[in-house]
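As a starting point, one isolated chain is supplied in structure tokens, in the form predicted on its own.
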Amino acid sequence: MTKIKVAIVGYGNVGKYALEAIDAAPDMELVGVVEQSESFQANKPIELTNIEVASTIDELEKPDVAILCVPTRVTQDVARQALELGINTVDGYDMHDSIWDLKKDLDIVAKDKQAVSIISAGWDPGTDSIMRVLMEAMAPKGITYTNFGPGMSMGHTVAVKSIDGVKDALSVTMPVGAGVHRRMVYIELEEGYDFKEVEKSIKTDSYFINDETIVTQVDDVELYVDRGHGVEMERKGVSGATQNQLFSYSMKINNPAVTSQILICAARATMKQEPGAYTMIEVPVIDLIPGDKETLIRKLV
């Protein structure tokens, strides 16, 4: 079997778990890791001892797919760079209100370079999006509530860490109910910065401006870190003319482990799509898992 050649771009929480998921995938092989930090390359983690580490993706043997484990706010540029080289991409872009704009932009590049990009391929947006589609299909009229947490939000945590004056940070999502959330943010402050000014910057950031956000200064953020997370999705609606149809879906997870696993599944699916950019609700779910169609249909249908 010819294996899919993949590269990991970015080696933070998700990148580390992506390494494990690739090792466990029967149809994939890793060609290397891309990490721009010079200090990282000089002191790379022990698990990367026998793995090629480069500062740019074009320094590696050309992969079929780049797994983009980078912050949402740089995803578009990083994806474009890989697609321009004719490399498929998958990413965990998580800003719901701009997903369509990202799709339109990357679709142009992907089609021009005969490549495939699957965007927002985490668990929300991502697999939760698929569940929302299924629930709405079963009850076309109704309301779906998505309640996250309690747990560490990686996207929100990265957003806080990028704010001037923040030495280290953690953002915990607490579900209030009916799709409403509270953001509990814990920060270590850089010397010389005023807490109130940093707090204001956090609360007015696009990741936080629409939610109640409580910022607390602490001495050591690591004492608060737990990478567990979860979701409870509920829909109450109408099937045909029959009311009071109730659906629910829930999971409790290690956030970066599940995110990376979905990215690996999406990477596999890129090999089966026509050139262009896709969200996960546009991709046949059977394309996410390894195996031939007959075997999978006999097993799962």
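Being a predicted model, the structure only gives us computed values, none of them experimental. Each residue number is its position in the shown sequence, starting from 1.
As for the form predicted in complex with a further copy of the same chain, it is not shown, yet the points below apply to it.
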property: Contact flag, residue 101 vs a further copy of the same chain in the predicted bound form, heavy atom cut 4.5 Å; result: yes
property: Residue contact check: residue 3 to a further copy of the same chain in the predicted bound form, 4.5 Å heavy atom; result: no
property: Heavy atom of residue 270 within 4.5 Å of a further copy of the same chain in the predicted bound form; result: no
property: Distance check, residue 136 to a further copy of the same chain in the predicted bound form, heavy atom within 4.5 Å; result: yes
property: Candidate spot 96, 247 and 279, all three touching a further copy of the same chain in the predicted bound form (heavy atom, 4.5 Å); result: yes
property: Location of a further copy of the same chain contact in the predicted bound form, chosen stretch of 239-247, 54-62, 28-36, 41-49 [non-hydrogen atom, 4.5 Å]; result: 239-247
property: Sole residue of 131, 170, 82, 198 within 4.5 Å of a further copy of the same chain in the predicted bound form, by heavy atom; result: 131
property: Those residues of 34-66 which, in the predicted bound form, come within 4.5 Å of a further copy of the same chain by heavy atom; result: none
